[in-house]
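One chain follows as structure tokens, the form predicted alone.
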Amino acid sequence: MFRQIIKKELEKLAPAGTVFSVSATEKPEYGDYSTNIALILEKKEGRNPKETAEEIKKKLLGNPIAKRLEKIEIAGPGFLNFYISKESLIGGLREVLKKQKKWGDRPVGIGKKIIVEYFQLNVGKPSHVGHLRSAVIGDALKRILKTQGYKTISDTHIGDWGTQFGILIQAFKRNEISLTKQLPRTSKSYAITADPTIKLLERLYVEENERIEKEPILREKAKEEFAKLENGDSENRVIWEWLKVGTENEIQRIINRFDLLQFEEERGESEYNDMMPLIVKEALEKGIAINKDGAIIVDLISYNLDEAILIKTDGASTYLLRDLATIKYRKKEWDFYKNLYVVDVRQEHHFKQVFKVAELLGFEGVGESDHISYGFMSLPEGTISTRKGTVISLDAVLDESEKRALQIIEEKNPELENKEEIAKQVGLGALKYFDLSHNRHSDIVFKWDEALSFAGNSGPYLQYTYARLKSILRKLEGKSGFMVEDVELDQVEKNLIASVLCFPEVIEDALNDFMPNILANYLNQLAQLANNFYHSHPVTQENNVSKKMFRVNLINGVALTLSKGLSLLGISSPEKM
């Protein structure tokens, strides 16, 4: 809130183009904000940093910004530390309470469209703990972007094309599942009595891969089945459409159960088939692609990106070609400002190839497309593999989380109303926060005890802090208002207000590099300050009316910020726990 004000004033005092930082301090003895501008000017212009800092301080104290400050101090080799005045802190708190649920919202993205692709399930494969990161990171980014005024369009980009469907079609034919519908141009009865379940599709996929490991020739036959599908074989097309239904149903079920925002688009890879031949033709005509032993490739070796394959030797298209078509479609359909792919780090090389080929082809939108990579999620016993059937389903993870949450509630507050529903909110919050509190670039080993901890840096800890603040407010219902002239703030209160007022700045920082953990860890720090305040300042026992009124409003501001911040992470804030 104050960072931007300070930065704007400093920019007026520095040469154009000077890049410096203004950041909230970690220790109150260094003020509320600090800047390195004098040190930057030393490097840029050879000026004495302490003398420069003194000059800047003198100019700022003669500026209207001085009314917002208690003091400015120079520290170390030339840092400027800013202490926000009591009046400004209280005025900022008033603004928080005035905005209520709109607190933290800004119009910076008005008129700009951002595509966020995440939670890309493959047809026939169940959602498992390895999908958790894409789902919750993508959903959190969408929620945060929307509060900043961006028109945000999310897409699951279902994996409904590729060799795995040859494997599934082969498995389907092998099992000769009883159907009621005759497939066109065939004497076999393969048809569809009901929508397939993910469990059935998973079983077919795992069993067929076990056969392929014993008989490698079956993989080549599966590739042939996919090639037939891609070439328009009517029998394989009907089987493929049936296979898709189970995954589409699964996506909607997980969206509902994990409280994800609805997707504006659920376009599968197959929906770009019509665009792909034109891209291949263009690449060949421009000399960007060549035919090599029957495959269509783009030589990116000079860019240290190997050969990018558009069409395989068997005539089948690749993920790379489908992603090229996706960029082209999205830019034409949405004219996006940013096109974000929330996909794990293992696909980093793939996206580098995609973006480089798109650049060589002169596609619009390639410069605005970014791979929002995240580290790999694994289990303590090793990696996750659908092919081998070694997965923990998202349902199993959430079931266990809700079960453990309910056990703790039964122990600590057995008389709590709606405890089953609150256990669901706490269990889901624990899972989401466990993921989002990690730097997305980090690999994560999924451990039950860490994910479901109800102490320390965890979702339940934040939810419980919020519920405790709401409990105080219920006890003091009707007590509100400010008597500023009668209230002196101690350091604990100043720190807490200053932390609340950093909320918009934290959102800005989280979006700079699309890092939700910046917001998650800020909320944890705010909760720690709130609990420190709660224990050291017994509001309900305060006899001074002015102080009591002020502290009620302070608690309100903290509760509003915690609730809004949690909602941006896709986490509920139960008022009782």
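Since this is a predicted model, take the numbers as computed values, not measurements. Numbering starts at 1 and follows the sequence shown.
Here the subject shifts to the form predicted in complex with a small molecule, a form of this protein not shown in this document.
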Going by heavy atoms within 4.5 Å, which of 253 to 261, 403 to 411, 419 to 427, 316 to 324 lines up against the small molecule in the model of the complex?
316 to 324
The small molecule: the contacting residue among 225, 139, 435, 117 in the model of the complex [heavy atom, 4.5 Å]:
117
Could you spot which one of 351, 336, 454, 79 gets a heavy atom to within 4.5 Å of the small molecule in the model of the complex?
351
Looking in the model of the complex, any heavy atom of residue 343 within 4.5 Å of the small molecule?
yes
State yes or no: in the model of the complex, is some non-hydrogen atom of residue 208 no more than 4.5 angstroms from a non-hydrogen atom of the small molecule?
no
Using heavy atoms and a 4.5 Å limit, would one call residue 347 a contact residue for the small molecule in the model of the complex?
yes
State yes or no: in the model of the complex, is some non-hydrogen atom of residue 133 no more than 4.5 angstroms from a non-hydrogen atom of the small molecule?
no
